[in-house]
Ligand code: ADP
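Next up: just one chain, as structure tokens, the form predicted alone.
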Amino acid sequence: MQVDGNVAGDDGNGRNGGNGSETPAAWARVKRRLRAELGEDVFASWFARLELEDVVEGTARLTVPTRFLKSWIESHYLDRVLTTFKAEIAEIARVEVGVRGTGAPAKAALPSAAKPSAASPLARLHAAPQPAPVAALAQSTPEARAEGGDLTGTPLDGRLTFTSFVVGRSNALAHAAAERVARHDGEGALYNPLYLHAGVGLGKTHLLHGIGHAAREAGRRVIYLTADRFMYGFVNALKTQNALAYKERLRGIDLLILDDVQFIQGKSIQAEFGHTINALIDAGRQVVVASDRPPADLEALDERVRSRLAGGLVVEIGNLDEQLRVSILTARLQSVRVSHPTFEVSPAVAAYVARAITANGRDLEGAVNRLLAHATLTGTAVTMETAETAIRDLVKNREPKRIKIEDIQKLVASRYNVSRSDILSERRTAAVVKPRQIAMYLSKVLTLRSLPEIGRRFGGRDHTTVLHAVRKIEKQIGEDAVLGDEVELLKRMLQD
């Protein structure tokens, strides 16, 4: 990495502000701070694919894979990124965001003294550069293209089909519902909408792609969209004054598949999402939606949209039990042996890996890759000892159970015999204030959410209210052993 000599050197606090070996470590710390300050959901949606290209003459050049991400980060978070970066390397004065594979980053930097635009987020998105063309969806017709531009979406992954999906007890209902929806050839739609929700790596995206493949094979017009692609398409249509044509084409398909709906942001975009869902369902077209939480917990969405999503079939995909993990691992190993016939893993080693890795299917995929690398690079057989070494990072560094603020609110409400709506309300009776403050305290100590984010999740309260609640409960725990025991019990119940 080439860094300008004017940036290099100690900043007076022991930090080598522009040294090439120090900059990647500083960038890693920046991302960790952003994750902690903004929360896991926001970070995963907007910053997980943000990479540092280089630092030159006090300018940090960052890249993202799509123009939509570039526009969104520039409109909403550029000043936050700059402030966080300056806390690690004081000489950083500007931040530029570019799109990978399109040459140098666009000159859309925010100087350290610049102020964010007073325009609304949506208006600033409208003013972003014209996005590069993306691949057209299958089933997009010449007539549709002639009427005002291609209807574009996210391509389906050819590997993610119903045939390659491993069925077990935790996902059997979701798989059956997905197949039924995909292969339905009668009038109207089934289970409309079909709503799948699960944690990371449990198979919901695999099922969505499987639905898309099967429905297209049956000749149906299908569009698969991630949340960011849906937002990108709507904003781009507004910029090019094709919003009406875009909406009409979107509502003219047979099956809409939308992934990661929890990331849809912006009042205008959320309103259009609700109108699209309603129009498709009312017209008898099939809608399939996936999220990491049930509809009732999508608090950022309008209540009417949440109600419509909950009005169909809502199916949760549960955690992988050991038998299913063994089946998934066996299927992955068989797939690898097609291209590496000499690669062998004994049933005992496979069983050990399935017992040790319990988080999700993606970690199992990572374990297979590590075992294959060991076998091909060293030329030796995969033994129990080598398997333990190969997957050590997946076992030791596995993240603890992710606790959601919604889960905390529900548990505390149940424990203190109030409703979750009471905790989110403006009621100030003692019977409500105490559990509300305990829930705020637990949200602060058990999640990575910032105080402002916690306040928003508790009925739009200010961060100072959350801070007061946290300090009050901390003080009371130190003075009241009974309350301390209650809070510890709630912690264990949430962490188990």
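Start at 1 and count along the sequence shown; that's the residue number. It should be emphasised that the depicted structure is a prediction, and the values quoted were computed from it without experimental measurement.
This next part talks about the form predicted in complex with this ligand, which is not shown.
Just one listed stretch, out of 157 to 165, 80 to 88, 271 to 279, 303 to 311, contacts this ligand in the predicted complex at the 4.5 Å heavy atom level, and that stretch is 157 to 165.
Using a 4.5 Å heavy atom cutoff, Asn171, His206 and Arg332 all lie near this ligand in the predicted complex.
When contacts are judged by a 4.5 Å heavy atom cut-off, Gly361 counts as touching this ligand in the predicted complex.
When this ligand is considered in the predicted complex, Leu411 lies well away from it, no heavy atom lying within 4.5 Å. Proximity of Glu365 to this ligand in the predicted complex falls within the 4.5 Å heavy atom cutoff. Among residues of the shown chain, Leu394 is not one whose heavy atoms approach this ligand to within 4.5 Å in the predicted complex. Distance criterion of 4.5 Å from any heavy atom to this ligand in the predicted complex singles out Gly199 from the list Gly266, Gly252, Gly199, Pro294. A single residue from the set Val289, Ile328, Val181, Ala227 has any heavy atom within 4.5 angstroms of this ligand in the predicted complex; that residue is Ile328.
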